[in-house]
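There is one chain below, alone, in structure tokens, taken in the form predicted on its own.
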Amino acid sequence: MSSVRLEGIAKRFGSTEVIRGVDLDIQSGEFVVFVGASGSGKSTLLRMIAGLEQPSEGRVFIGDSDVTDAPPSERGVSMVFQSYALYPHMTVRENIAFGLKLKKTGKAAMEEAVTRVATMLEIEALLDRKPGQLSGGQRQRVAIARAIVREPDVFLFDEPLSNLDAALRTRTRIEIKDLHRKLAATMIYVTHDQVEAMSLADRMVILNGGHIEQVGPPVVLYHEPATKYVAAFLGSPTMNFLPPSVVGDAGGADSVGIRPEDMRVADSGLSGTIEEVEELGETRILHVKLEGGETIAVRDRSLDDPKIGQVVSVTFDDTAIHRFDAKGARI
């Protein structure tokens, strides 16, 4: 497996700049997830690594090789697309073997490789079917098998689970994580789903408007967001943002943030009225309108039977406060 290095990457479509000065080092064997809202540039960045888009500026390195101008076939990467991109007229066996056939791999070696990856992904019974006879989850496994069989230096995933239902998405996510452990492969994965990103990634790369907001392990980004954007992006419900005066904070911040799970109903604290109650089974979210007009989310199950219109007090520990300056940077 190989490392990936991006140096000063920029991408423009006409006068529109979609990637701005991205520098990033991905270690060999690392699972890195690009995450961000629609239009943040995450898929464009992945396509430049794959060679499907050419950078307007900067260089792309895979291992020790500068592949900026190399075609996709010479980069040692395999890509799994959102749409699966399977050939409908071919069987599963033929789809998996297609890349090996192009490389003129011998028949015996090709059959052995197809059988090996089909067994790994538990799709041996599907080898003689065609894609139209498969479920969405089965088609996605075939697409992943086709990528694995080529033994690439780097695996690229472009929102591969977005077409699956919630339960299947969760199961397939676990399978991909397990696959990474088995292969010890370098994987770069794009998603807009923060839960997917946090559960899969060794490191997350949060993109916003074509630039990197923060890079790091999921737990670090969640608990130590470098910017207000990262703080707001991660977490559901999102972090509560309030003027420092509301919480009595004199730390010189422009705004302060407190996550819903760090707030609780108490005998005293910020006074407000319950506007909505979300019962989510394992947890409950109270939406509370404070006396100053701000609405906050509180993750708390301590009230026996909360009612809309009920007046409550909400408190928190000072250690739970995140402070941000006027430009949105953590202070």
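This one's a predicted model, so the numbers in the text were calculated from it and none came from an experiment. When you see a residue number, it is the position in the sequence shown, counting from 1.
If you look for the form predicted in complex with a small molecule, you will not find it shown, but the lines that follow are about it.
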**Prompt:** Taking the small molecule in the model of the complex as the reference, which of 18, 314, 22, 321 has a non-hydrogen atom within 4.5 Å?
**Reply:** 18
**Fill in**
Assert contact residue (the small molecule, in the model of the complex, non-hydrogen atom within 4.5 Å, options 196, 153, 159, 175) equals 159
**Complete:** With a 4.5 Å heavy atom cut-off to the small molecule in the model of the complex, the contacting stretch among 299 to 307, 43 to 51, 283 to 291, 23 to 31 is 43 to 51
**Asked** Is there a non-hydrogen atom of residue 38 within 4.5 angstroms of a non-hydrogen atom of the small molecule in the model of the complex?
**Response** yes
**Asked** Is there a heavy atom of residue 101 lying 4.5 Å or less from a heavy atom of the small molecule in the model of the complex?
**Response** no
**Asked** With the cut-off set at 4.5 Å between non-hydrogen atoms, does residue 192 touch the small molecule in the model of the complex?
**Response** yes
